[in-house]
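As a starting point, one isolated chain is supplied in structure tokens, in the form predicted alone.
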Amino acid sequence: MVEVLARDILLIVYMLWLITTGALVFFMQAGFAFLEGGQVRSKNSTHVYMKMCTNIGIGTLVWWLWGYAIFSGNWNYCLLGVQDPASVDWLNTFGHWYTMWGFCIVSCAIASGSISERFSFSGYIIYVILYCGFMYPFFGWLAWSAGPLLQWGYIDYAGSVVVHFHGGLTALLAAMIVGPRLGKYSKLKKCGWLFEFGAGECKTYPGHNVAQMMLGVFILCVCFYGFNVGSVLIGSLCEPSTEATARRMIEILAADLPTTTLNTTMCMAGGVFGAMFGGWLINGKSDPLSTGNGAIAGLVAICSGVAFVHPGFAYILGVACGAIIPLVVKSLDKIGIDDAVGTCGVHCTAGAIGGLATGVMGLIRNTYHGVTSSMGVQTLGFIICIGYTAICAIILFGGFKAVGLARVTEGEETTGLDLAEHKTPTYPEFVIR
């Protein structure tokens, strides 16, 4: 009787946990909207908000139609709950669908920042359909659901590579294919018909609202607790209603919950510290844009090993990922890649470091907190992600370029995408009519 009562209580907690942490993951769309919207020029803010709405409206539909079926490796989950509702485990399947849906649209939103201010809205809609419907679900299956990487022992607890590096590398390649914004560089250099780079003098386009950008940072920092800490029950208690005892559920919560919370906090703090002093060393000043991005970089990096790395290791990891942010921004400007809001340093670089750092932790101490990680398997998963993402992104954005959907016209870019694409400026009082 006591055991049954304990299980019932834990199941209630489990359901509330799914709803709450899933809502936090979903609310990251607001964080991305403010973060990107504050870093672009005022004439392009509405366009940013519309892209986040597209992630929600179109991305959710595609995930429900077939994306989750690919992700889970079960075609019975197409149109989840419609084809054969009698065979669906409502608690676990629907809960898993809901949480992984949030992860999917977060990964999808990453590329938005790197191609901001010049990518067409119609092109973005197609990108969301293909990314949420095919590109992300298949790699998620490889590493998380039932694919070979999972079977080989690959560890990515909350998605440093699956969610962030995958989205960040897509963002980097998209920026290389779409090309820089008008006037960003004094010259344009083309590598074949596909890639475009800036050359010569690089002009700075400051964001129009630092306060809005920093609000986005703090929203994302809070939401990452849902992202990382929320992964405890998803990763460990897949079927609480069937096999797991209440005692076992409590043991997992007691073991993983404090560790994930502490490591998330430590790596975030390390990212802020690293970005502050990295900016001071590289640029002679600590600026809010790099510092805010440093916090996000730390949170991205810790996702992979958040449940088992040492807190001191987490802080050092955050410092390293935060400190590299100003260097990545400066390097991309020098190469001629126009990443409008610093997406590549935050998600691509920090995601890669975080995924590999999980293997490094395994080298330092083979088993920590009950988890064994292999540097070889972590590296293999990273290499597979690079190859898969590069092929998909080049086909996707190269196709956009071939059919003329890669970017808006020069006149529309000059006017601003708020008016050109949506006829609704964020700040109508500043529009000259």
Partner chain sequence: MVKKIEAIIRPEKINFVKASLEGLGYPGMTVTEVKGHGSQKGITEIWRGRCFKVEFLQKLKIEIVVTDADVKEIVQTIVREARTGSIGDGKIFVSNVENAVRIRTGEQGDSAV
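Numbering follows the first chain given and starts at 1. Fair warning: this is a prediction, and the values are worked out from it, not measured in the lab.
Although it is not shown, the form predicted in complex with the partner chain is what the next lines describe.
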Which one, 133-141, 154-162, 322-330, 172-180, holds residues whose non-hydrogen atoms are within 4.5 Å of the partner chain in the predicted bound form?
-> 322-330
Have a look at Thr358, Ser107, Ser112, Ser290 for me and say which one sits with a heavy atom within 4.5 Å of the partner chain in the predicted bound form.
-> Ser290
Proximity to the partner chain in the predicted bound form, single hit among Cys78, Ala199, Leu194, Val210 (heavy atom within 4.5 Å) | Val210
Can you check whether Asn74 is within 4.5 Å of the partner chain in the predicted bound form, heavy atom basis?
-> no
Closest heavy atom of Ser373 to the partner chain in the predicted bound form, within 4.5 Å or not?
-> no
Classify Lys189 as contacting or not contacting the partner chain in the predicted bound form by the rule of any non-hydrogen atom within 4.5 angstroms, answering yes or no.
-> no
Give a yes or no for Thr414: in the predicted bound form, does one of its heavy atoms lie within 4.5 Å of a heavy atom belonging to the partner chain?
-> yes
Neighbours of the partner chain in the predicted bound form among 46-72 [non-hydrogen atom within 4.5 angstroms] = none
